[in-house]
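Given next, in structure tokens, is a single chain: the form predicted on its own.
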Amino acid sequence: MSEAVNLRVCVIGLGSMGFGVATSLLKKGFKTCGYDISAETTARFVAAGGKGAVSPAEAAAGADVVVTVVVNGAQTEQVLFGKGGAAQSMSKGGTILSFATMPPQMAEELAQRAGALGLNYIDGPISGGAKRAADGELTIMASGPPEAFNHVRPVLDAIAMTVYELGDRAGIGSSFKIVNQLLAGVHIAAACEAITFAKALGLDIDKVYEVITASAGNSWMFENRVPHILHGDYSPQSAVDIFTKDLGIVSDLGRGMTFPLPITSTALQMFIMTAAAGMGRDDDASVARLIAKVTGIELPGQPEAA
């Protein structure tokens, strides 16, 4: 392990997921440099024992592994290849671990640009949420050349409980993640619809949660998101805007393939309406707040919906 922790690692994007990734690396003994567009967030990482930087290029200077944990493909491209980007300053022969959800074709294009600079690229979208990121227990749906996986194995072991190696080229990992996001978004929208419907029926929604989580209608998203609604706490664990983006990618892919996605389309519109109502940066369980506003029911902590 001592040789492994000598890998120079940088994490770009220290949001709720990226901060957990970066601190998990610190806990495993990696000397880790972090960068975030928010200087305050970078300072918080420094306070946790990491090294901070004022640009992606500075953070990645001489790095063997660059981990990008940003919102989408456009941001990934910018922090890697834009002005002050990380790719030009990292160690030749190094590996980029790209964790953002993006269209598969874009992942392929980024991998080609990395290869032209003598860098490996792993297309590795993540799943698990902020808590599992902080605990080093993410699921990673990854694809890329075998030599790249061998190079970054110690890093993956430090931040993930499960790493699926899904193919030898970029784009495959993103395709798997898109299927996951289709299901996740639909399940969140369905959970919000179900719990607000229960409220409209005059049921004790705490008891509904207890019963449904022990019944066949349960889903991981119902079990995970409905407590946010019961507590009236919409602090963003995963924001509404994430699913307007991700289900938008699913919808675009389906349209390009002439593949019908009617349930996805309905869920996407629910997230878009929630964002349009001013809740885009709030927790994705805020879809329930939108339904409450439309129907006039009152949810915990939301008396204005009455």
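What you see is a predicted model, and the numbers here were worked out from it, not measured in a lab. Residue positions are given as counts along the sequence shown, with the first one as 1. Heads up, when I say rigid core I mean the largest set of C-alphas that superpose within 1.5 Å between the two forms.
Separately, the form predicted together with another copy of the chain exists; it is not shown, and the next lines address it.
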Among 92-100, 71-79, 152-160, 207-215, the stretch whose residues bring a heavy atom within 4.5 Å of another copy of the chain in the predicted bound form is 207-215
The unique member of A53, L253, L26, I272 whose heavy atoms fall within 4.5 Å of another copy of the chain in the predicted bound form:
L253
Looking in the predicted bound form, is another copy of the chain within 4.5 Å of a heavy atom from each of F30, A61 and N120?
no
Going by a heavy atom distance of 4.5 Å, is G49 a contact of another copy of the chain in the predicted bound form?
no
With a cut-off of 4.5 Å between heavy atoms, is L14 one of the residues that contacts another copy of the chain in the predicted bound form?
no
Using a 4.5 angstroms cut-off on non-hydrogen atoms, would L261 count as touching another copy of the chain in the predicted bound form?
yes
Though only this chain appears here, would N180 touch another copy of the chain in the predicted bound form if you measure heavy atom gaps against 4.5 Å?
yes
Could you list the residues in 188-209 that come within 4.5 Å of another copy of the chain in the predicted bound form, counting only heavy atoms and keeping sequence order?
A189, A190, A191, E193, A194, T196, F197, A198, A200, L201, L203, D204, K207, V208
For A214, decide whether the Cα shift between the shown form and the other one is 2 Å or greater, given a superposition on the rigid core.
yes
